[in-house]
Structure formats: structure tokens, C-alpha cells
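The chain below stands alone and is given in C-alpha cells; this is the form predicted on its own.
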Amino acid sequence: MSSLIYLDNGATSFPKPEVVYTAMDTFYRQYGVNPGRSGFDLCLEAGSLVDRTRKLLRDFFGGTDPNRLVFGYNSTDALNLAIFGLVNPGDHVVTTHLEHNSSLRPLWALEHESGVKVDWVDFDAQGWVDPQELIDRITPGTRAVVMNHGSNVIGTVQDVAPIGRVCREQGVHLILDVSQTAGVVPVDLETLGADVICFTGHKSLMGPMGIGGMYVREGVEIRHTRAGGTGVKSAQRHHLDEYPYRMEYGTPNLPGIAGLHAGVHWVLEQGMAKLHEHEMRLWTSLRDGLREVPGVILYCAEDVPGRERISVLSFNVEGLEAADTGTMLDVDHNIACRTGLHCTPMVHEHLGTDQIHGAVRFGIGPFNTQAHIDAAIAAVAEIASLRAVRS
């Protein structure tokens, strides 16, 4: 295990900072009780952890009210609550071909089961959506724009702010999926013009799996699509209307919140810009090295001045299925990567890689080194050369 080169950080960051492991272990060993259900000291301590993490993330996302920082399982959980809770039968929604299934599938369900009209905006050859093209799709009947801030396949970060300004002007809800960008580039509610920011903790926020949530802008009221226990106003038969309880159900993932709290602190202490610069320096080295390997096809990997991206890179080796390349990287070179459609079928349909079962994706994280990148380039070169000999 110690010799593993982990390049699947687009799926989840690994390893985590040591402080994350320590925080989760300490929580369970010292005050691992249910918050908000009693008034004894350990319960109050657990509740304090939740409150402190709400405030930390409220500030992180540029919000105003910590109670509008709602915890859930992950981005998929948050996006389901936001999309099904804001979009009504017969409404119009604008989205993009860059969406993850966490948005795509709820929208597909609404389109096919509730008569919601969905407009899908494509991306260009470099991997970016033209903001004006999306804005032009907004009509008087548009209820929401749903966007992926950063692509988990091609790494492009979309220019959201112009879209957000128009959404605010026209009273359209902007639901933003920041799964890949939170902890990498600034995600500020007001700068981007978002109404709902949906995040997961286990990627670049460096927290554990099973914790995420959303920040809901003041004045935005998401309809209840669930109901359950909150530990507050238990005699009340209907689910609470006030935030955060409006969107939270049952016992929260306290170990996850403890780990997320530590992970976000670690990112802030290291410096988000510094971490991103490190990752993108390695990304450029990886991109440039793979460019020189005969038979390697890179997707949307060109430099575009003024455009932001994150450190995931997708490619294929000519004549090989992505899964076969991934298996050889794993078995022969001890390199972990991700292969397939990456839960984003429309991206692969646009690239044409859906016909060959997707692509290979390298995802660079803060603990990767130049030695890892050099080994990955050499491994892909060896695989490509063996393929050339066999053919």
C-alpha cells in the first residue's frame, strides 16, 4: 500500500491530512453523543462542534447566516433536495452538458415525470460553456439554472458570475454544484450569484466520505420533500420550517462533521491558492508529458488564457479500452486512477468517448509529487508502446 501512487483525487482525496483522522477519532472517543437531544455536557459539546462547523462553512462560502448552512450526506443529497424542492411541475430549467448524474438524473426525472422543460447547453471544444448562450436560454418561465462549477472529467471551471447576475436580476434560482471546486478555487455566494451552493466534504475540502450539504441564500425557501426527527419541537407534527432543521433530518453525521471541520481548517491553514498552484503545476507537467507519448489522446487539455481549471486530466490510449488501460496502470504500475464515464454521460457523448466506454482520468491532489507524475507518464508510455507493438 505504501508504494501506491494515488491519482484518483477527482473521486475522493486520499490520504487525508492527519488532523482529519485525529478529529474523527477524538470525537467518537471523547464526546460521541447525539447533539440537540439532551442538555448534558457531552451533548452540548457535540452541538457546539456542529455550530462551529456551520459558521466555518458559512464564512467559507461567503454566506451570512450559519443556520442556512445545511448538512447532508454529499452533493448528490444536497442537489436532490434543492432541485426537487425548488422546481415545480411545468417549470423551465436551464442546465449544461457538463452535469454529473447528481444533477442530471433529478432533472431527467422531472422532465419525464413532471412535465418540466429542460434546456441543455453544450460546451465548446476547449470545455467551457459560453455564459451568453446559457443566458439566452432563460425565459420568463425559467425557474432555475443548474450548473456544475468545475467538471470532474475535463477540469474546466465555468464562468458563473455573469450567469448569476442575470439570474438575480430575473428572479431565477441558480443552483451550483461545487463538488470539484470547493477547497480548490474561491466559491463565494455573492460573487457567483448563486442561490444554493451544493458541496461534498470528501474531495478538496479534505473531509471524510458521507458528509456534505448546501448553503441556501436568505430569502430562498426550499420546499420540504422529506420529514423526520430533528430533536427540536418534537411535539410538532409537521416538519420544522426554520433553517437548518428545514433541510436536515435525523441524527447528523457527527464524526463526518468533525472530520470536515478539521479538513477545512487544514485547507485554510495551507492556503487554498498555494494548494491549487501545486496541483496545477503537477497537472501541467502531466499534460505536457502525456502529449509527447505517441498514441495518447488528451481531452480538453489546451491552455486558454483567462480561464480557470482544476487538476483532473482525462485521456485514452489509441486502440485500448479505458478500463484495460486502468487495469494495467493498477496491476503493472501500482497507479490508482479512474476509468469509464465518470457519472457524466453527456460529457462523454460530446467527446465521442461514450462509444469506447469512456476515458482514463488522473486526478491530482495536494499530497502528490513530481515523482508520482513522472511515474505516471512513464507507465502510460510503456502501455502505449506495448499496444503499438501488438498492433
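Position 1 is the first residue in the sequence shown; the rest follow in order. As the structure is a computational prediction, the values presented were derived from the model and not from experiment.
One more form of this protein exists, namely the form predicted together with a small molecule; it is left out here, but the text below deals with it.
In the model of the complex, the small molecule sits within 4.5 Å of a heavy atom belonging to residue 150. Interface membership of residue 200, defined by any non-hydrogen atom within 4.5 Å of the small molecule in the model of the complex, is confirmed. In the model of the complex, the small molecule sits within 4.5 Å of a heavy atom of residue 177. For the chain shown alone, residue 75 is a contact residue for the small molecule in the model of the complex, at least one non-hydrogen atom being within 4.5 angstroms. Checking 133-141, 217-225, 249-257, 177-185 against the small molecule in the model of the complex, the stretch whose residues place heavy atoms within 4.5 Å of it is 177-185.
In terms of contact with the small molecule in the model of the complex, the residue from 96, 230, 102, 316 that brings a heavy atom within 4.5 Å is 102.
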